[in-house]
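Okay, so here's just one chain, in structure tokens, the form predicted alone.
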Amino acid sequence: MIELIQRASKHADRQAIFSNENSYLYKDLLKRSSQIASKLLNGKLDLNGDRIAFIIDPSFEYVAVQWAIWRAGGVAVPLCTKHPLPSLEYVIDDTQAKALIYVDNYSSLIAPLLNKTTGIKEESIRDVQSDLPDVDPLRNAMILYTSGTTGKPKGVVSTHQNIEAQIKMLVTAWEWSPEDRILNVLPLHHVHGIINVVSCAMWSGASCRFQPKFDEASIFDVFKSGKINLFMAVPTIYYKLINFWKAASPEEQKIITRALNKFRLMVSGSAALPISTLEEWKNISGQVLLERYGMTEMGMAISNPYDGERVPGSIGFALQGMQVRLVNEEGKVIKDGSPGEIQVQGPNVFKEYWEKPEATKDSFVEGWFKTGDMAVELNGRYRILGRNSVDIIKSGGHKISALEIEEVIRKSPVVKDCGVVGIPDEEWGEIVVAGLVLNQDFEALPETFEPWLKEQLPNFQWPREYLLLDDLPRNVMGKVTKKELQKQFQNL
């Protein structure tokens, strides 16, 4: 039995979701997901693991469809609403999706896909009911696609048991309760939105509010209403909210700050949180953002404490139920504070890459999942150094953390944002380069910038080249796509 859905009946008359100016109770969610599940079964007893894709904006309808797929015995394949047609087609082909559920505003986008799979318009599903199967927790539940920085994106398969283990970890670690009310501004093809926000709220009997689109003014309006006490976002969103606050009148700033002071918890994730952003948000809101660490293949593995010190630049401690270790290039476990690759074991770690047994095998060593992320550890607390493929730059025998250089550059009043990468160099192996987005007061990099930076960094960390950009290349989660930034330097 799917415990997430079973628990909803305990909160039948509580508000589950607020979206599109409508309030929905848990019993509404159970009823609508049952109708959609019955439509998907269409006389069958069980979908038996059929992959069902869906493209729906974050909303009550989204959650109802996802639950319906699970309740019918299917595997949910959420599609990114911002991806172009070829990307959607790749997922449909790769999963051999038996059906694609969509809402009317995506009709024209997905029309070319309907010769590959059965299209079902969500609005067309009426009041149908049938018996639903009993779904074993060990069955596949969801396939999410990685960003595909190397080769084609891989489908990450999680079971119901994986998902439930992750939810339980986070509900315990972050002390969720039925009284919690969270605002979701994140896309729901990613664990940050699906699991950390929506599923944890639904498990707890809490309420989740969906924002139709990202808009700083309307988000602050929701905050000021007092109807929200939790918020989770990516660093880019906090950065935008900070800039909106700075542009507001002094009186409006005070109103916003008073509202933010009342929040129970604010979390940042999906990308490294610049210390400067953490400090500015603390000054504005009184909230020390809780930074945590995870990825598609395992959900969350490490988190700063809910109660206890949240150290800037740290991702915290292993979550209860997780085993975490650092391993050097020789495969030896590190315990002396030196940099190493994060490897994890736990009940939330994914089952496999969809139909890629070799890639699955290569991603594990002796049962430990190899994250590809580098960190250092001191007294159980981890500090991320970056992705070993793009954030760890190997130059002249040095292993250089791009994130550490970025943190220094962001302290400059000249720079609005930056991205540091390594590019191939015959003499050094790689050299450090930096893409810069300047503050609006600057049209060019002033002569004082480089001398200032050289005072802050050892010479082996100095960027050798700079590229001035209107914005850094990003994916739909707001994370800087460093492979793309590297290409921009190599194409100069």
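As the structure is a prediction and not an experimental result, all values here were calculated from the model. One rule holds for the numbers: they count along the sequence shown, beginning at 1.
FYI, the form predicted in complex with a small molecule isn't displayed, but the following is about it.
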{"property": "Close approach of Met295 to the small molecule in the model of the complex, 4.5 Å, heavy atom", "result": "yes"}
{"property": "Contact of Val234 with the small molecule in the model of the complex (heavy atom, 4.5 Å)", "result": "yes"}
{"property": "Partner proximity in the model of the complex: Gly346 to the small molecule, non-hydrogen atom cutoff 4.5 Å", "result": "no"}
{"property": "Proximity of Asn459 to the small molecule in the model of the complex, heavy atoms at 4.5 Å", "result": "yes"}
{"property": "Interface residue in the model of the complex among Lys116, Lys394, Arg325, Lys356, criterion: non-hydrogen atom within 4.5 angstroms of the small molecule", "result": "Lys394"}
{"property": "The single option of Gly422, Pro187, Pro312, Pro339 touching the small molecule in the model of the complex, heavy atom within 4.5 Å", "result": "Pro187"}
{"property": "Within 4.5 Å of the small molecule in the model of the complex, all of Arg71, Lys224 and Phe263 (non-hydrogen atom)", "result": "no"}
{"property": "Segment that reaches the small molecule in the model of the complex - one of 190 to 198, 280 to 288, 401 to 409, 359 to 367, heavy atoms within 4.5 Å", "result": "190 to 198"}
{"property": "Cα-Cα trend for Val333 and Ile405, given that in the model of the complex the distance shifts by 3 Å or more", "result": "farther"}
